[in-house]
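Just one chain is shown here, as structure tokens, and it is the form predicted alone.
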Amino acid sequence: METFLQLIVLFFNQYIFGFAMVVMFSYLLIIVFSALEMRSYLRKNSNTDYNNILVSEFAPSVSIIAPAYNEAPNIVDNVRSLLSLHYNNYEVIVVNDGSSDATLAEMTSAFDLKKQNYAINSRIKTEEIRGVYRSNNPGLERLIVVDKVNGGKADALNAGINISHNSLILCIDADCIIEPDAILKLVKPFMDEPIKVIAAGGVIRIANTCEVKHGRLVKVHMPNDLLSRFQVLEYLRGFLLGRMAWSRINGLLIVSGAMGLFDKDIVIKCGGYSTKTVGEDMELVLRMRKYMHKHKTPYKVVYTPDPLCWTEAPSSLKILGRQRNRWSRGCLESLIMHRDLFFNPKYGTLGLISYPYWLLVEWMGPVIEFIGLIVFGLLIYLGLVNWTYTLILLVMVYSFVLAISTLTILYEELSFRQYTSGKDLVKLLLLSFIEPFIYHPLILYWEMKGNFDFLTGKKAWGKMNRNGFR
């Protein structure tokens, strides 16, 4: 029996060490590719005059689609913000997805909306549309408000796609704050890339505690509460490192649901957003990429590192847990739905690199870590732990994680410097030291709970309460 347990310990140690080496090596590659892509982007866009795009007759037309469910506290300011973006040819479609609060009433009063007879080309099946509203104010002719039976975010986006008139669709969350030049920067790849761009995403930043006036972010502040600060560091790491690197090799699997620009024709040919998953943003990108491979058409999914969108992050453990639970379920649902990609050479980078990485590192990593903690606890109980080996491994992993976070903060300072206060930088650096002990265990727990809920068939989004911007 003792020999058997020793064999288990040996296998466990070697397996965990090997997996840790693979993950670390992949992160090193991500750091290198991210640095190369950031350098290329900054150099290529340093002298760009976006006014040329603003007045160009060749600039693509854009339809902004913003699903809204119980967004009454912020909806008017957010719609005003969307109506004042720096772009020439665009429309704003707000889809009231069966809100139970005063979302529709607030918009009706603020924008003098009237219900109209409106022909709808239902290319994608959705829940019933109860009415389409336009403003009596000639200055608000680009605004369209759709009222429909509740069907979820994906269904609301599909309804907006059916209503839209333009060639590109910008799908956003109604509670987000979009930078005035966001469309200009997002459409640029569609105009100057040598191959067809089917989707583009931008950086999402945390707006908690920032100063917002009339739907515009006027001053950036580091969040007051610790939980939101952890999310600032997490978002910086995920967007500035992760998505920059995947964009470099054209391997992006996800364009954030908070803000993504898509080729409408390809979206419609792929059937629109899926209502069968809570990870509709990732699943759509996977389906669009498979469609392009099927038709042997060269394409790109690109990422813009400029901070173009600001969102209110959950400031309570309960709401953040629901969000991460949903993200975990959505990721797993998308991976299972498109499991034919796994090491499939027919799909190139998508099948041989991107999908295996997301399956084996992004999804399986937390699962292996959770199992490892259970086995480690059992080994402690049995007195079979090699503490010298364990401490060396823990120090190595902790130092590596700390280095990743420090590099992320350095990338931010060398690029867009949204947090200019020295105090804010010190706060971020201090967070780097304590994040693995406080925030990471919470994320691990919520991810595992999301996997368990997926296995038990849970489909609900979970209520996401918002505090609103100040």
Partner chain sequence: MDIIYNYMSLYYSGIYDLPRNILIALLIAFFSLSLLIIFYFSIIIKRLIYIFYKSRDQYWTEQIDQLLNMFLSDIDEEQITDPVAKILSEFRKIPLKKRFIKHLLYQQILAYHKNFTGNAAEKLKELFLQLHLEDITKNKLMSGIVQLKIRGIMDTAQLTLTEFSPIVEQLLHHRSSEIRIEAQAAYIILNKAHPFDFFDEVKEPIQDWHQLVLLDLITRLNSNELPNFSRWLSSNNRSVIELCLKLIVHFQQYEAIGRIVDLLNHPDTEIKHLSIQALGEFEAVDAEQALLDCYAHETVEIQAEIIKALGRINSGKQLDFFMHTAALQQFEIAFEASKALIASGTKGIELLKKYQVQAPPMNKQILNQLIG
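Numbering follows the first chain given and starts at 1. What you are looking at is a predicted structure, and each value in this text was computed from that prediction instead of being measured.
What follows is about the form predicted in complex with the partner chain, which we do not show.
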query: Touches the partner chain in the predicted complex: D192 (any heavy atom, 4.5 Å); finding: yes
query: Y291, heavy atom within 4.5 angstroms of the partner chain in the predicted complex; finding: no
query: Partner proximity in the predicted complex: I53 to the partner chain, non-hydrogen atom cutoff 4.5 Å; finding: yes
query: Proximity of Y445 to the partner chain in the predicted complex, heavy atoms at 4.5 Å; finding: no
query: Contact stretch among 236-244, 322-330, 341-349, 192-200 - heavy atom within 4.5 Å of the partner chain in the predicted complex; finding: 192-200
query: Residue (of L384, A105, V395, I336) lying close to the partner chain in the predicted complex, criterion heavy atoms within 4.5 Å; finding: V395
query: Within 389-413, the residues that have a heavy atom no more than 4.5 Å from the partner chain in the predicted complex; finding: Y389, I392, L393, V395, M396, S399, F400, L402, A403, T406, L407, I409, L410, E413
